[in-house]
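One chain comes next, on its own, written out as structure tokens in the form predicted alone.
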Amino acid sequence: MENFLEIRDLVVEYTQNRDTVHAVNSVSLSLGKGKTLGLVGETGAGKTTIAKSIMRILPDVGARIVSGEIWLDGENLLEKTEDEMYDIRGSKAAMIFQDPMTALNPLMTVGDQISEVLLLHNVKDKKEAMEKAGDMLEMVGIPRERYVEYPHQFSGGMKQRVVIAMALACDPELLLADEPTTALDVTIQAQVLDMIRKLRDKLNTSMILITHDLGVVAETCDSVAVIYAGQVVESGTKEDLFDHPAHPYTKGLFGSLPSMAVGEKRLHSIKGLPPDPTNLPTGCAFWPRCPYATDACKGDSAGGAPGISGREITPGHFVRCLKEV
């Protein structure tokens, strides 16, 4: 298989009371070895659900992967038993969670939490695990003397560095970073992103970066997938999307960015709100907010309005839209 990670027609649903939340709807993505893919889109678009599906850590109650395939290094993760996934998590694939405070145990020292990951996967000797944990702390810019300190003794940026050290402790080949810098100030954000880039290059790690920040995408990613209502509405290289955005939603995201060159009093916004995931519109999910929507865009999603399934406008640049670019 050419791509290190391949997601094919992934469908994920949550059951809430009597409602069914259509979180991910026929998503297909690919990622090469040592490359970084950025997932962008509004809150609730399904980005984190995609990442949790790869790790197979969706809630036991109320969530289910309806269909699809997730291939990692030639193996379909959805066919793995829980014991097999236990071995894959941490060693083959790891995840940096959005909120470091919820990812860290407040009753354990940060060093012991990193050591625990190592002992679970590829280190048998406790002394060796402690030494390696100290090395990981230093790798992310924290003195190894702070091994014995607890999470509450660290700042937000330092806690995020600890979470990154935990994720990278077993040299995973795939790193899923779920908005790793959202809660950090701009200076610390830049430091953490620079560190992630250096560690990724050093270890030749493939990475999926979930973010709202298009500036972070520009600095870090090789390719981008724009997610809306659980679907990939546009995907391609970073240059494709930044220089030639094709989907109206993608254009709306870029149009809402402030410009240093043009003195505008108000920022542009995308009208309306994301759709209710329990009752998605038929046809293109974006048509209620789209300035270019026609009757064809409102076609029955069961049959699929022509072209809404996605088309390649230039090599490797796909868009889910009927509007000609």
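Just so we're clear, the structure is a prediction, and the values are computed from it rather than from any experiment. For every residue, the number given is its place in the sequence shown, counted from 1.
Just so you know, the form predicted in complex with a small molecule exists too; it's not on screen, but the next bit is about it.
- Proximity to the small molecule in the predicted complex, taken as heavy atoms within 4.5 Å, picks out 40-48 from the listed stretches 66-74, 281-289, 40-48, 25-33.
- At a distance threshold of 4.5 angstroms between non-hydrogen atoms, residue 10 is out of contact with the small molecule in the predicted complex.
- For the chain shown alone, residue 272 is not a contact residue for the small molecule in the predicted complex, no non-hydrogen atom being within 4.5 angstroms.
- Using a 4.5 angstroms limit between non-hydrogen atoms, residue 16 touches the small molecule in the predicted complex.
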